[in-house]
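Here's a solo chain for you in structure tokens, the form predicted on its own.
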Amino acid sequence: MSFGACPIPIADYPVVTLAHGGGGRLTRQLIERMFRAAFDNEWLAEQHDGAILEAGEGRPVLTTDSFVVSPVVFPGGDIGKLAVCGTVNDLAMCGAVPRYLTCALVLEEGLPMELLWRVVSSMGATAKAAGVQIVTGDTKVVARGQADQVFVNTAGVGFVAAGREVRPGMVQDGDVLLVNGDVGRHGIAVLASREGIEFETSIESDCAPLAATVQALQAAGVELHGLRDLTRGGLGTACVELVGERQTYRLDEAAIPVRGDVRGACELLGFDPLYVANEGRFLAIVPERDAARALEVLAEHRPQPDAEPARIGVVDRSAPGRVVLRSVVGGERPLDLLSGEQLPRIC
């Protein structure tokens, strides 16, 4: 992805040095020449204190998230792309069509203007690819040491049509668990970049917007009983959070796709790939009758060319309220929430 030259003269402003509380010439230039240039749309053109939105068809869905990833730029993405994808994907997991985003940036004094332009440009390009508009926002500058270069907060609004809402309570006995690709890339890519670890192969984040994939599943007539993006905490955490008190999720470890280089990195570093974060992967829970068609649709909408969707488990009542993993050697073990984080600051 090419971001072009920063639209604010670097010679005049080598670093972001806005006074606390904003205001001034540079603030105006950030708004006019950076943010509006990257996010340009009719709502921003109004230069109002908020955005008066058009109501979409169906019920509105609202979500919000904050992003503090370190490093800000990592293989396969950056905090700007991550912020848009993360918020769009949260809306998609509710069965909603994403429409609008807000963007609030906390900037550390001394932030290179070129880096800020990369983040903002990345947000604009990713929003365009995801079919959403960034309609309002805010910036705050804090003193050196009070933030790590840049933090991003986003809120998203989407609309879910009648009959397309997806909730955990819709999952039924006999349903099938699917993933849209291999797991663990994002967390390992961020860690390797942060710590300067080099592997024999290049591991890039799987960061990608997923709303179009969910909409394709719905358009194909797939009955979606459960959706969850596999972000912080990975596949294992998502399953534990979703499983109902009366249900059991039974996973087959041999069926869960993990790239060989990611698996090797996890073994080297002592991580379980089932708990490593993803930013372009989700769990879909569908009736048995729709599983084959769903896999076809997922294969047609791969976030990366080598992302292979897979059927990884079923729902029953053999161990109510538990997630049970059948290992590659045939034994079984329960999956639970981690007591701490494997990888801090990965989203």
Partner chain sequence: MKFLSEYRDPQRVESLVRRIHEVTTRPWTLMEVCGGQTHSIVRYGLDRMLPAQIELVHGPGCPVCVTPLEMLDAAHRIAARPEVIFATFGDMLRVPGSETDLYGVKARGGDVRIVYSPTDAVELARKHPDRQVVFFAVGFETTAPANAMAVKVAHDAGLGNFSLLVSHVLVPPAIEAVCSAPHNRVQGFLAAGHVCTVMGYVEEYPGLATRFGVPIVVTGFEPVDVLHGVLLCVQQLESGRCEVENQYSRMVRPAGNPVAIATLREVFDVVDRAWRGIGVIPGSGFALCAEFAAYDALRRFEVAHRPVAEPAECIAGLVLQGVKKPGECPAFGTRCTPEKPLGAPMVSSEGACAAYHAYRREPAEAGS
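Numbering follows the first chain given and starts at 1. Note that the coordinates shown come from a computational prediction; the quantities given were computed from them, not determined experimentally.
In what follows, reference is made to the form predicted together with its partner chain, a form of this protein that is not presented.
Engineer: Taking its partner chain in the predicted complex, would Pro71, Gly145 and Leu230 all count as contacting it (heavy atom within 4.5 Å)?
Structural biologist: Negative, none of the three is within 4.5 Å.
Engineer: Tell me, please, which stretch of 133-141, 73-81, 263-271, 95-103 lies within 4.5 angstroms of its partner chain in the predicted complex when heavy atoms are compared?
Structural biologist: Among the candidates, contact is made by 263-271.
Engineer: With a cut-off of 4.5 Å between heavy atoms, is Glu108 one of the residues that contacts its partner chain in the predicted complex?
Structural biologist: Although its partner chain is absent here, Glu108 would stay clear of it in the predicted complex, with no heavy atoms inside 4.5 Å.
Engineer: My question is simply whether Leu224 lines the interface with its partner chain in the predicted complex - judged by any non-hydrogen atom within 4.5 Å.
Structural biologist: Leu224: no, not in contact with its partner chain in the predicted complex.
Engineer: Flag Val160 as yes or no: does it have a non-hydrogen atom within 4.5 angstroms of any non-hydrogen atom of its partner chain in the predicted complex?
Structural biologist: So Val160 does not count as contacting its partner chain.
Engineer: According to a 4.5 angstroms non-hydrogen atom cut-off, is Glu198 in contact with its partner chain in the predicted complex?
Structural biologist: The answer is no: Glu198 has no heavy atom within 4.5 Å of its partner chain.
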